[in-house]
Structures are given as structure tokens and as C-alpha cells.
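Each of two forms of one protein chain follows alone as C-alpha cells, named structure 1 and structure 2.
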Structure 1
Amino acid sequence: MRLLVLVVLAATLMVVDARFDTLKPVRSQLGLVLTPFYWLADLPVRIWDGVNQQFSSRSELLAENEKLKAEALLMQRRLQKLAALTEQNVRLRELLNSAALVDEKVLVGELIGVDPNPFTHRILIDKGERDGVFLGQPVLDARGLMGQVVEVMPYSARVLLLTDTTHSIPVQVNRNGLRAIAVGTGNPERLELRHVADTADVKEGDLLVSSGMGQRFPAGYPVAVVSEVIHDSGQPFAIVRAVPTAALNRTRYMLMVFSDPRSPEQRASEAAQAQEAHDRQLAEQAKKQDAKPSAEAAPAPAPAQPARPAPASAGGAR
């Protein structure tokens, strides 16, 4: 009977609650009273979800952190590569500008090795005998002379730098033409001028260029800039130190110069002969065109054109 009464009561309450609004205040009060019980009943589930989310979030964060670190390393590598390519582009542009300034034929080479001996300033380049490189060939970068080829192999060559203690080069002061000999000191940042008179007109900041004496280095290429001049009244010679204009310990690309072995007189004579032969050829072509009869003449003959005089030879014009 009790069970039946309770079932009937429950069914009645559900019908009344569904059809009428009479029990709304009662339901609100019961919800307020039962809220702590709901919270306590749901507490284990919420604790489990929180712990699970905490561990999963930590693992996800760790994985994401590792991924971001890897991406950062890749981006740094690409950035370094881009910076290197940018610097390489700048150096190549400087080198091309330098190549445009020289009159001789040049060949671009790349540094592939450095002599490990600290007392020898030599480098290895990727051009050799197969590329036409020869012993004694001048080597320069975008700023000035670097040295000369001292050993040639089929696909590579060794270059002796200006700063090596066994190297010397005849130079002259660009300001007044004073000649001297610049020798290496073993320091990649310094050259010295030997046997310069104490009264010689050499000043700090003077540009030293190759004089062309010795027929090894072409004349007029920058070699160094005077950095220090020490005068000693008790010594017959002054101490003159200079800084090379070329970036000897930083350059990666360089130029190998193929100088013209002919003297200026020979070059001028050959140029005059070539011009004279060209003028004679033009004169002969003009004579042939004037002497050639017209195969298709018009009904009314055109007045004959006077013969074109032959141009004077190059030697006579000069």
C-alpha cells in the first residue's frame, strides 16, 4: 500500500508539474537545497577531468614547445643562410664592379683552403692550370692586390699573400709618385716600406699603388694605405707602416688578372695596322660597288654618279 501510494503521488506530482505552474516555487527551493549534494556527487568526476586535462595540457605544451624550438632553429639556419647569401651577393657585386674597372682579362676564383702554418700566408683557390692560371699571376679582390700565384695544379692553385714575410712588391705613392718596396711582416693587417729616406715625402693616409716595375704586377692597382710614419734623426731611413687595402683574411672571391704581355708601343702599332687594314678593305669594297654595272637599268638612264674617292690610309691620316 505504501509503495502504491508513493507511486500514485509521484505520478500526480509529475503530471501537475508538467501541466501546471503550481509546483515551480517548490521545485526552485528543492533545487537550492539539493545543489550542494549535486556538487558533492559530481566532485570526483570533476577532479578526474581536471587532473587528466592538466597532464594532457602539459604534454601538449611540451610537445608544442619542442616543435617551436625546432622551427626556431630552422628559421635561424635559414636566416644565417640568407645573411651569408646577402653578403656573398654584395661581395660578388663589388667584385664585378672591380672587374669592370680593370683593362686586362680576369678570371673569378673562390677560396677553398688556407695554409694552417701560422708563419706562412698562403691560400688555395679553385682555379688551376686547366683554367689558364700560371705562376706569378697577380691576384686581387674588390679592394686591391692580394698577392700572386706561386704553385699551379690542374684544378687549383696556391696564392702567396702580400703580407707573407717572403713577399715584396714595388709600389709608389699615388700622391707624388715616390717609389718604394713594400714587404710583408707576417701580420695580415700590416706591410712595411723598406729603405725609405727619412726626408722622403710620405704621409699618413697616402695610397700606395703598384708601380709595375719588375713586370710581375700591373701598374696602378691599390696595394695599401700608409698608417704610420716614424722619423728618427739618428737613422737614415724612416719606418713606414701601411695597411693592405685588400681584405686578405676575409675575402672569399678574388680575381686573377691576365695581363697583356705587349708593350704600349706594340699595342699602339698593332692597333694602327689593324685600322689601316680596315680602311683599305672599306676602300676596296667602295670601288667594287662603283665599278659594278647595273644589271637592271631603268628606261631613262640615270646620271652617272662620280666615283667615290678612296679614303686616305690610317698612317697618312695620322
Structure 2
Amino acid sequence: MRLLVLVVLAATLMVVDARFDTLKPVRSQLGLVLTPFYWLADLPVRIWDGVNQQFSSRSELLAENEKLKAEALLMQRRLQKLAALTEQNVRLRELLNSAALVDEKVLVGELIGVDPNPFTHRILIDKGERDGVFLGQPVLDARGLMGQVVEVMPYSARVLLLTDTTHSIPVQVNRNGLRAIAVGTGNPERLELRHVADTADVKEGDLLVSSGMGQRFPAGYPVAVVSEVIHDSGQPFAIVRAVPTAALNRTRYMLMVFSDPRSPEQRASEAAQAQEAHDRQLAEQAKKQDAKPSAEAAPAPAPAQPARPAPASAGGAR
């Protein structure tokens, strides 16, 4: 008798959970206990890592330090170039009268658990509602897009990875802008492009970037690299397989992106205003310098200095 009641109860719960939103808050509150649980389950791994770090030899650390320094140097060089390029990009885009590619705000999260079900590709991260994480938020790592948030709990969130069979993402071939949909296959090292014409210009080694068409993922982030293109005359479409650029099953830290909620027009007008303000400022400075060139001959480079960060701060305001 008890069995019957419990079975019916379970069935009702499932139907309600699947069809209606009423259980969502309950679920998210129950999720509170989840974080310590996964933390506890993960403890042996953490302890092992800690011990490993304690006893890794000094020479190894030195070598790693050297490597990181070299990497930092390389990055800084790139960054210098990037500042100039960003500025140039903003100007060109203004000439084209389109919105500037903005730097989105990001939040760093840490992996706390992997879905124990081997047929789904989902992970648990240590940032939740309290940190501003929202449903559908894009998640990426240092190399590319990883997936999106599908469940938000107070202190944690579940992320559906790109390679899950239920996930697809609109992409673009970086080389020529060809649009396609990349679908997860359940294999952590493979995505497939759906409905690509046999004659489409896709080659092995092409980089696929997010196209931003679905209004969910920001445009321009690397998603995958095409690994093989099979033309089978028996199939209506070409079979295109790609390898995700993000280290989906290795990354421990990931970034959650907060996209700009403003429309492209708003962004464009605000960008233009900021640029105008900046130009005016420059003009005033130049006038000042013209007015008293002899008096401020010595600190002449000083006023030129604030002119440098100015575009950066204007970029931050956008």
C-alpha cells in the first residue's frame, strides 16, 4: 500500500517537475546542500593535489616560474599591441557606424563537480545566484566557449557543456563567415556541424567561432576547430566534425560572461559620444599646449600621458 502511494507521489513529482516551473525554487534551495556534498566527495582529489604541491621539488617550481614569466612577457607584448588594435577597431567601427566590439564583464568560477551520469556532459561550478549567475549564461575557459548555465542554485550552478547531445550552438567559420549549427555528440572531443551543403567552403583546420545568432552566446569566441570533412555522395549533407577548443574535461577554472544588455544602436551612440568627448579633451589639451608652449616645455610629455589611458577609460564606460 505504502509502495503505491510512494510510486504515485514520485510520478506526480516527475510530471510536475518536467512540465511546470513550480518546483524550480524548491530545487534551487535543495541545491544548497549540494555544494558541501560535492566538496566532500572531491576532498580526496584536493588533498592529493595539496600533498603533491607540498612535495613538488624546488627545481620544478623554479622551472614553472620561469615558464610563467616567459608566458607573462609574451602576453604583455600582445596586450600592448591589442590596446592599439582595439582603439583602431573602435574608430573603424565608428566610421562604419556600427557598434564596437565590447569587452564583456566576466566572473571567474571553479569546478566543484562533474555530473555522475556518464551520458550527460554537465558540470557543477562554485558560483550561483548570489554571485549574479543567471540561466543561460555563457561559460568559457581560456581557450574557448565551454557551454551555458542550465540550473542556478544559491551558491552553485550547473553548466551544460557544448558536447552534450542536447546542446547546439550557432557558429561561423572564422575564415569566410559561413554560418552553421554545431551540435554536441556526447563525445567530449567532438562536435558536428548540421546541414552543411556538400559544396560549402569548409576545410579541415578551419576555426569555428560563435556567431551570436542565437542571442545567447556572445559573438566571436572560438568554439571548435574542424577536424574532418567527409563528402559522402549517399548523404544529403556533408559530414563535418570539429574538436572543441576549450579543454572541456580538463579545465578547473572558467569564466562566466555578462553580456551587455544594451542594444547595438545604444552602444553605437554611446560609443560615439565617448569618442567625441575624448576628441574634445584632446583638442583642449592641444590648445593649452599651444597657448603656453615655453612655460611647460619641461613637463611636456606629462600631458601626453593621460591621453593614452583616456581611450581605455572610454572603452570601460561602454
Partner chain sequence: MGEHNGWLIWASYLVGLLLSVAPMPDFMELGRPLWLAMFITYWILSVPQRVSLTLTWLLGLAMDVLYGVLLGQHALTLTLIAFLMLTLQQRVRMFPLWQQSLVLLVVFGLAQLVQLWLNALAGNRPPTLVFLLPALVSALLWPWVFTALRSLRLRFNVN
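C-alpha atoms forming the largest set that superposes within 1.5 Å between two forms make up the rigid core. Just so we're on the same page, residue numbers count up from 1 along structure 1's sequence. Keep in mind that this is a model prediction, so the values were computed, not measured.
Next item on the list: Only one of these is the form predicted alone, so let me know which.
Entry: Here the form predicted alone corresponds to structure 1.
Note to self: For residue 177, does the CA position differ by 2 Å or more between the two structures when the superposition is done on the rigid core?
What the structure shows: The answer is no, as the C-alpha of residue 177 shifts between the two structures by less than 2 Å after core alignment.
Note to self: Is residue 233 displaced by at least 2 Å at its C-alpha between the two structures when the rigid core is overlaid?
What the structure shows: Yes; that C-alpha moves by at least 2 Å between the two structures.
Checklist line | Core fit, then residue 278 C-alpha moves 2 Å or more between the two structures | finding: Yes; residue 278 is a residue whose C-alpha shifts (by 2 Å or more) between the two structures when the cores are overlaid.
Next item on the list: Could you check how much the CA of residue 20 shifts between the two structures after a rigid core fit, in angstrom?
Entry: Here the C-alpha difference is 123.4 Å.
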